[in-house]
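What follows is one chain in structure tokens, specifically the form predicted on its own.
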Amino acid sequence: MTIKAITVPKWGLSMDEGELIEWHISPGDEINIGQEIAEIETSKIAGAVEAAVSGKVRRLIAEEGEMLPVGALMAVLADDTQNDEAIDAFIATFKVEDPDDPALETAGMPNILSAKLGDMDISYLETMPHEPANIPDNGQKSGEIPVILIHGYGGDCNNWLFNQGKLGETHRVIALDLPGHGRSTKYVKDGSVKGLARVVDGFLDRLAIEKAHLIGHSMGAAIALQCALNDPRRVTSLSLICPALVGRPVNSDYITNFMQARTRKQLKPVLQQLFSDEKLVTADLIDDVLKYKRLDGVDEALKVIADAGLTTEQSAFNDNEIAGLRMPVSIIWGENDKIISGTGAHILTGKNIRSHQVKDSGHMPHMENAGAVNEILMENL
């Protein structure tokens, strides 16, 4: 076994450093790819570091409480054939690469792109796979079918910063900004689920994507579901995270307060409702959302979407249509969800539908417990 490095990952385009909060491994442990090995906190949010390589832990280089740049050496893996002198030499010669250096390999690195849909510009973040997958899927390799990530109300493509890299190890992954959100056009013509689903369908047409795995969160899950109902042959799998409008009502107070919040003091308790652990709402996260809300056209866009039925207590879907879906469907719920909650049954039932509840998570389980969610998503792909 060669000597392998565990380094600080880059989550999102804006991350340049993070604080090591806690190690979950010790020297001598055998770790596997995808295992959660540490927790790092950035200015935006804290998240679990998943091992990108497997092997025996020989050294923990970084110390808890230490601020580390992206790409910094955290730990060294090697088997017992490598002596301490070899490990020391590896550490001494390790070089921290600049993650923004264009000369580096671009596979797995996100690119900001834009697609023109009539009078709308739809921004998206695209990641290409490190290695194509070789799992057969109706004559097509699984990794050749792209993954489309659709965020929720008031979110953007950065909501997937803990998921896109993992999914991008084997798939082309595209996280789009819906109209009225992120870098996309702020004007929203039709804010209904059906209207926004037509935008996603048009986006896939524009990128000449014939088949896709759809993953949506909250309102984005409802949009993904509508896309699957529009053209089931186009959707290879469907993963719905805390889906809205499927039988359990959306917290209308959250929607109203999110729209009306104008200051950090007003917005902080609103955003805290999204998470099981309220401490994940950092000052930088609040500032980022405020900057978005102050952009021209955002207030009207959010109102158009909210008024188009987002807070209705009625399901936006026909349960018989959902039960007839033939592609694999995974439903993922956070056990402490304060936005879509209640004990009432949802209408997502069918022989191809599986439901998962994620512990220690609120309405954002893909951010709050990304390791567990990524495992479910990869299984559904």
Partner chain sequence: MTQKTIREALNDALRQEMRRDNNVIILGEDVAGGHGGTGVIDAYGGPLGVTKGLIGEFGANRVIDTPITESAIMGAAAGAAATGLRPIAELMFVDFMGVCFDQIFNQAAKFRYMFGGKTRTPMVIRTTIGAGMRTAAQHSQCLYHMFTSVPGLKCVMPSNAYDAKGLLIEAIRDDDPVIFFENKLLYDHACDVPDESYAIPFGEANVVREGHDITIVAFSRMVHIAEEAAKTLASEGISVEVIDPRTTSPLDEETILESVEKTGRLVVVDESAARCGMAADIAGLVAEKGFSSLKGPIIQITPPHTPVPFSPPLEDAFIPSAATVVAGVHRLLK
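Positions refer to the first chain, counted from 1. What you are looking at is a predicted structure, and each value in this text was computed from that prediction instead of being measured.
Form predicted in complex with its partner chain: not shown, discussed below.
Contact annotation for residue 233: none of its heavy atoms lies within 4.5 Å of its partner chain in the predicted bound form. Within 4.5 Å of some heavy atom of its partner chain in the predicted bound form lies at least one heavy atom of residue 263.
Looking at residue 189, you'd find every heavy atom of it more than 4.5 angstroms from its partner chain in the predicted bound form. At the 4.5 Å threshold, heavy atoms of residue 85 stay clear of its partner chain in the predicted bound form, well away from it.
This chain appears without its partner; in the predicted bound form, the one residue of 121, 300, 210, 287 with a heavy atom within 4.5 Å of its partner chain is 287. Proximity to its partner chain in the predicted bound form, defined as a heavy atom within 4.5 Å, holds among 91, 295, 113, 96 only for 295. Note on the interface: of 171-179, 255-263, 270-278, 194-202, the segment with non-hydrogen atoms within 4.5 angstroms of its partner chain in the predicted bound form is 255-263.
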